[in-house]
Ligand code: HEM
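Take a look at this single chain in structure tokens; it is the form predicted on its own.
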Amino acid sequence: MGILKKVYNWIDVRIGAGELVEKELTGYLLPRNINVWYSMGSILLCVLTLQIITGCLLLIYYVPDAEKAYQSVNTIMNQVPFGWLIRYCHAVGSNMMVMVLLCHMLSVLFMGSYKRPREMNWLSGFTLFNLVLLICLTGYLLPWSQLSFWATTVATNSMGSIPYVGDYMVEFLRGGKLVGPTTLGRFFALHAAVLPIVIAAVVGLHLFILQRVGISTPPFGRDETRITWKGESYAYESHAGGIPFFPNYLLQDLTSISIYFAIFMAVVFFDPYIFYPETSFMPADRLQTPAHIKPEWYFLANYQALKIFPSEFLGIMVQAAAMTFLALLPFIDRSPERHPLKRPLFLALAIGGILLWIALGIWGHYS
């Protein structure tokens, strides 16, 4: 202990470690009525870290070549020590990251935490949501299985319905007329290099904005406190008399993270195939189209919506309009009221939208 104290004192003299601890941990106060939903951001940071670590480990053996990709994945699964565990952690982790991200965004919506002065928080978070979906989509092709090959073919085909520029966009995404080796190279570069850097930058921006604006006060719970932002000048939302992040809320964060990883490891060890149909374990064959190719569960609603409308272009435009509405929600919903039960129109639209998304997803799965 004496050596550790000397090391700490040595560091403290040079960078003011004690001041940092006081400012960022024990002196960083949170609302007294903060709840478990605020832990979703911490869980996402842990999930993202795990995805980066497992992704880097997979890169050691994965070969981004159309002739060797599938076999390299087989090698990872069957020959590399604990390769199966690393791959399952990465594959299952991507699906569960989307689940946690959806929960995080829903909690922000229902607690009204997207409202002013937190419009930039919402926009950066919404951008992250779309980037995560994009990195999942690009990673989907990399195993070069029947499912990944044909699902990518279907997904890129939908862009061709856009008038005038559709065919050019499809060719740009694929690197040619058809999904092939060039497509794999482009998706690999996006998945392993470009998108991780962009996501890391946007995560940094999101955390910076959160740090500058302050944690929003929940609109309900014990010791309810109402803080309404007024004026056009910058103001940090402090919480005088609140609870310190360390150790009070850190224990809640660690509890939530532990529960998440318990569920995560249960899926990895007991049913990792829940997200993967039989065609995920067959090498890609461009001459044999499988009978039932469907995208990942989080794209099923979009997939089904494209089939409902008389033209794919109309379906894309409706979905683009819905996403634009969500992105601009802080500028549309200007009411200062944040309690969900006191916003009946919002509550009806939000619940209706969620039920519609679930219904389309189920329909897409069984159609």
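Start at 1 and count along the sequence shown; that's the residue number. Every value quoted in this text rests on a predicted model; they were computed, and no experiment measured them.
The next section is about a form of this same protein that is not shown, the form predicted in complex with the ligand.
Inset, instruction - Counting only non-hydrogen atoms, choose the one of 289-297, 94-102, 135-143, 186-194 that falls within 4.5 Å of the ligand in the predicted complex. - result: That would be stretch 94-102.
Legend entry - residue 125 within 4.5 Å of the ligand in the predicted complex, heavy atoms: Answer yes; at least one heavy atom of residue 125 falls within 4.5 Å of the ligand in the predicted complex.
Inset, instruction - Using the partner position in the predicted complex, report whether residue 58 sits within 4.5 Å of the ligand, counting heavy atoms only. - result: Because no heavy atom of residue 58 falls inside 4.5 Å of the ligand in the predicted complex, the answer is no.
Legend entry - Touches the ligand in the predicted complex: residue 70 (any heavy atom, 4.5 Å): It does not: once the ligand is placed as it appears in the predicted complex, residue 70 has no heavy atom within 4.5 Å of it.
Inset, instruction - Please run the contact check for residue 210 against the ligand in the predicted complex: heavy atoms, 4.5 angstroms, yes or no? - result: Residue-level check for residue 210: yes, a contact with the ligand.
Legend entry - Listed residue that, although the ligand is not shown, lies within 4.5 Å of it in the predicted complex (heavy atoms), from 170, 108, 155, 147: Answer to the contact question: 108.
Inset, instruction - Only one of 42, 26, 33, 319 comes within 4.5 Å of the ligand in the predicted complex by heavy atoms, so just point that one out. - result: It is 42 that has a heavy atom within 4.5 Å of the partner.
Legend entry - the ligand in the predicted complex reached by all of 304, 358 and 367, non-hydrogen atom within 4.5 Å: Checked in the predicted complex: no contact with the ligand for any of the three.
Legend entry - Contact set, 202-218 vs the ligand in the predicted complex - heavy atom within 4.5 angstroms: Result: 203, 206, 207, 210, 214, 215, 216.
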